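Given as structure tokens, the chain that follows is alone and in the form predicted on its own.
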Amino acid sequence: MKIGIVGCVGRMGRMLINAIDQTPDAELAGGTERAGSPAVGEDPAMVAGLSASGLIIGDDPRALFEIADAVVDFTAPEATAAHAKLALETGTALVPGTTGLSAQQQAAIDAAAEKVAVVQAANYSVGVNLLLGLTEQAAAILGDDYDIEILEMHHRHKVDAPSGTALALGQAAASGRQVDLDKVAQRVRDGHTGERNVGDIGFATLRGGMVVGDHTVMFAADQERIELTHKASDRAVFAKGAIRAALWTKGQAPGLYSMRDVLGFS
């Protein structure tokens, strides 16, 4: 299966290229970078530290979408929305890992999913997706006597907060309790806040160092506390999961899927 990588020179882009190289049945279709990037014209495999592939990094994503069976996108919200439109127009499966999307940008992905298979996840780690399932199950079992708090920490360079994974965990908890996350989420606490509201789902964000990604969901009651935690030590786990998702799209009907579908958790 030919898999293209947009934004192939970034940290995740290079890891995705390596993941393709290590994955049976996967072949690098090519990679792109923004117009004017010094990487344009280079060999994407060599940029990722591999042997020459004979391919050249381009600056025209449409050309990549036209030759790839699936494209993996860990870029930026505006670019991801544009790539979703290309997926729709070319009939190419899409695996978007970009977080922090606006409603309008998400709508572009939803539109693409009406015509092609799209696997969208806040986090492509197998372990994180198991955590999502456990969080939903625990929230369904434990009542409002258990306060739910979600703590996440990432490296100092991350630009959005809370992380997409933290928000996905909040949504899993809300789904377990059959409530609307937007109505119970508490994302900021500062100053004299008063007592915690019963049923709130709280978020706390930490940034520092080069932490790849730590997430903990706490269920705190008066007599006990349950904590579910996942810690990623290498971003390669996200790349491997994303390539697994890309391979899974082969033969799938159009639709918006998640890693839970890919892993058979749904």
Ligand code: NAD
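Each residue number is its position in the shown sequence, starting from 1. The shown structure was predicted, so the numbers you read here are calculated from the model rather than taken from an experiment.
One more form of this protein should be noted, the form predicted in complex with this ligand, which is absent from this view; the next part is about it.
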- Message: To verify the annotation, which of these, R187, K85, K158, R177, has a non-hydrogen atom within 4.5 Å of this ligand in the model of the complex?
- Response: K158
- Note on the structure: Only hit among A81, A117, A121, I148 for heavy atom within 4.5 Å of this ligand in the model of the complex is A121
- Should R207 be counted as a contact of this ligand in the model of the complex, where contact means heavy atoms within 4.5 Å? no
- Message: Does any part of P162 reach within 4.5 Å of this ligand in the model of the complex? Heavy atoms only, please.
- Response: no
- Item | Contact label in the model of the complex: A19 to this ligand, heavy atom within 4.5 Å | no
- Residue contact check: P254 to this ligand in the model of the complex, 4.5 Å heavy atom: no
- Looking at 166-174, 134-142, 96-104, 179-187, which lies within 4.5 angstroms of this ligand in the model of the complex, counting heavy atoms? 96-104
